[in-house]
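Presented below, as structure tokens, is a lone chain in the form predicted on its own.
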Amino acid sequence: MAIYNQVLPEFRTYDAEVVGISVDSAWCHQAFAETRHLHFPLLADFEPKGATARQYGAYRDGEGVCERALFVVDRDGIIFWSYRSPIAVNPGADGILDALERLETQEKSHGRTQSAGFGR
């Protein structure tokens, strides 16, 4: 999450919002955000546990955890790009930035000026 905090200004040049989601409780998220000085919201997919992650195909039923999954969602709420990495691997921000650039190009070619928001 720290890398997304560091490149947050670059995400915002695309008019994008960062949102983190996990199956941890809101209290865990609050403590995590405070200790890491995060400047974007963390949402709790806690009850019913993993309901949102299941909808995005990122929940591991047997383990009760979420994949490390990244999504770029366009302004119409359509997933434009996604990536799931192994839990032990930090997926970084390059894929998101590339997707935001492609989305901006696509939206400009269709006469739209607003870009995207994304989560995870």
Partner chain sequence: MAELRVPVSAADHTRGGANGRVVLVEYGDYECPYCRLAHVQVLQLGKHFGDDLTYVFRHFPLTEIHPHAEPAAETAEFAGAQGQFWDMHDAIYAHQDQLSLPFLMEAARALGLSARSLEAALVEKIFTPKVAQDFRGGVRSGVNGTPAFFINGHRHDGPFDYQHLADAIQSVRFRS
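Residue numbers count along the first chain shown, from 1. Everything numeric in this text was worked out from a predicted model, so none of it was measured.
Same protein, other form: the form predicted together with its partner chain, not shown, and the subject of what follows.
Not displayed here, its partner chain is approached by Leu97 to within 4.5 Å at the level of heavy atoms in the predicted bound form. Put simply, Gln55 is far from its partner chain in the predicted bound form: not one heavy atom of it is within 4.5 Å. In the predicted bound form, Gly64 stays away from its partner chain, with no heavy atom inside 4.5 Å.
For His39, a non-hydrogen atom is located within 4.5 Å of its partner chain in the predicted bound form, even though that partner is not displayed. Comparing 44 to 52, 84 to 92, 69 to 77, 23 to 31 against its partner chain in the predicted bound form, the single stretch with non-hydrogen atoms within 4.5 angstroms of it is 84 to 92.
For the stretch 1 to 28, the set of residues having any non-hydrogen atom within 4.5 angstroms of its partner chain in the predicted bound form comprises Ala2, Ile3, Asn5, Gln6, Val7, Glu10, Tyr14, in sequence order.
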